[in-house]
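Form predicted alone, single chain, as structure tokens, below.
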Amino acid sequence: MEFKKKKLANGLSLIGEVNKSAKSVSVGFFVKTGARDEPKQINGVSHFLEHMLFKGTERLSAFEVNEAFDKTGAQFNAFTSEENTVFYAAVLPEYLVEVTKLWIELMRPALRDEDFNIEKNVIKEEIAMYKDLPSFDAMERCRSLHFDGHPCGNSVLGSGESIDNLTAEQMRSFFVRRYAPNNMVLACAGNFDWDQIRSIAQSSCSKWQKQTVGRKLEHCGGSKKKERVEKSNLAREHICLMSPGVSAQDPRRFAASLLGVIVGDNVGSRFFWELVDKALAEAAAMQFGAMDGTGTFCSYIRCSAGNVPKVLDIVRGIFHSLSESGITDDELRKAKNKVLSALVIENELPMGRLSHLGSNWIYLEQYRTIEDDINAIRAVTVDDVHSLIGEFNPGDFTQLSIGPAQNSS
């Protein structure tokens, strides 16, 4: 594999990993904007914008955009998170130029009033749909409670009220500020001609105007608050726990991801053996999430209402034993094997490489090979994990539960 990079005069970063033995190629735009970058009154605008880009340009209608992707056989999509909006496609090499030009055109959408008004209802339906999913609702509420005023607690979807009040002009203004070339990365991975893609990007994107853009970075230690929400239509308890972790820029992120696997992987973790295998909880998982300048350990547990006290006692016991006794060599070895297997399998495809390529550049402005990450995971020691436990204490968490009324059966 051969890494290539180029920064245009307007600040747009072009990066590529050429793999001539690959049978496909992936291309995507990584925009460093998400819910944390939004003023409260227009919360949800980043996700709304993701939808609007597929509504077309001055030249293309929404139908024509879909048709243009469809005829190439591209596997394409987009997503918005608290921190990034990503647009991507995996294609056969012969269609890369066509799809890259299409993405470039879509990065300068029409944002028509009529499309905005229609899509507003689509977004509101999506918000309502996720509100009907208690697992999502619990995690969304817990994030807000944990970050407690920190911008990372902003909702990706926004609220019915913020979307209702959002105007097309506010969206256009936000777009100009955040979809600036100096806040974006165009990445490509797989079997492609770097010079060709670089030339297309230079000729098509150089006219984009640079903006003053930034993001306030501040670590969040978490509120440690505990709240419970009752919903009459529920029969089960949905519990989300969140505690602070290291950032995406911290080399200890590899040790943190391994700790998440040891505690909360869906097979063979402490949560699995103590809660799921014993039929006390239907689901119990913990994951580490690295973010820009901060990070979290997030647990989700689903169980019957009657089992809640026992489940929480066991969870507290698991976290206490981490602090008191740490982890074993065997646990770390198994966790490494799981993480390494997932990493290697994902990165065998250009689509997986695109994801790693773009996110590493967004957070680190650094190219990392698969071998770099493999070596970093293998280098983690038991003492490294113990040091993390000592500093961040995952047992000192924010808790948000959603469940049936306490007096219900």
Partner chain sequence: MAERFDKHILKNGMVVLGEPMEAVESVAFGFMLPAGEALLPEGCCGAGSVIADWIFRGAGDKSSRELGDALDGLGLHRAGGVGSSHIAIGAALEADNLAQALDLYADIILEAHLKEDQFELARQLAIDGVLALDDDPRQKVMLELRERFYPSPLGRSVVGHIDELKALTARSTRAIVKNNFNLSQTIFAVAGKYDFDAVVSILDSRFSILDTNIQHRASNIEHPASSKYTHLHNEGAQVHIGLMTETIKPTDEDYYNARVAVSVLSGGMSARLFTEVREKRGLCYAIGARYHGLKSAAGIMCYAGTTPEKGQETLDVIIGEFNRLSEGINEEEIERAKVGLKSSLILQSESSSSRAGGIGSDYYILGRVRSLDEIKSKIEETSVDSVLGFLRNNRFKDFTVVTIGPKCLK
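Because the structure is a prediction, the values reported are computed rather than measured. Numbering follows the first chain given and starts at 1.
One more form of this protein exists, namely the form predicted together with its partner chain; it is left out here, but the text below deals with it.
- Listed residues E58, D383, E348, D372 were compared with its partner chain in the predicted bound form; E348 is the one with a heavy atom within 4.5 Å.
- Proximity to its partner chain in the predicted bound form, defined as a heavy atom within 4.5 Å, singles out one entry of D113, E324, E227, E125, which is E125.
- Using a 4.5 angstroms limit between non-hydrogen atoms, Q366 is distant from its partner chain in the predicted bound form.
- Among heavy atoms of Y95, some come within 4.5 Å of its partner chain in the predicted bound form.
- Contact annotation for V263: none of its heavy atoms lies within 4.5 Å of its partner chain in the predicted bound form.
- Its partner chain is not drawn, but in the predicted bound form it has a heavy atom within 4.5 Å of R236.
- Against its partner chain in the predicted bound form, the set K5, V213 and I314 makes no contact: no member has a heavy atom within 4.5 Å.
- The candidate stretches are 76 to 84, 192 to 200, 219 to 227, 288 to 296, and the one lying within 4.5 Å of its partner chain in the predicted bound form by heavy atoms is 76 to 84.
- For the partner-free chain shown, H51, K55, A62, F63, N66, E67, D70, K71, T72, G73 of 45 to 73 come within 4.5 angstroms of its partner chain in the predicted bound form, judged by any non-hydrogen atom.
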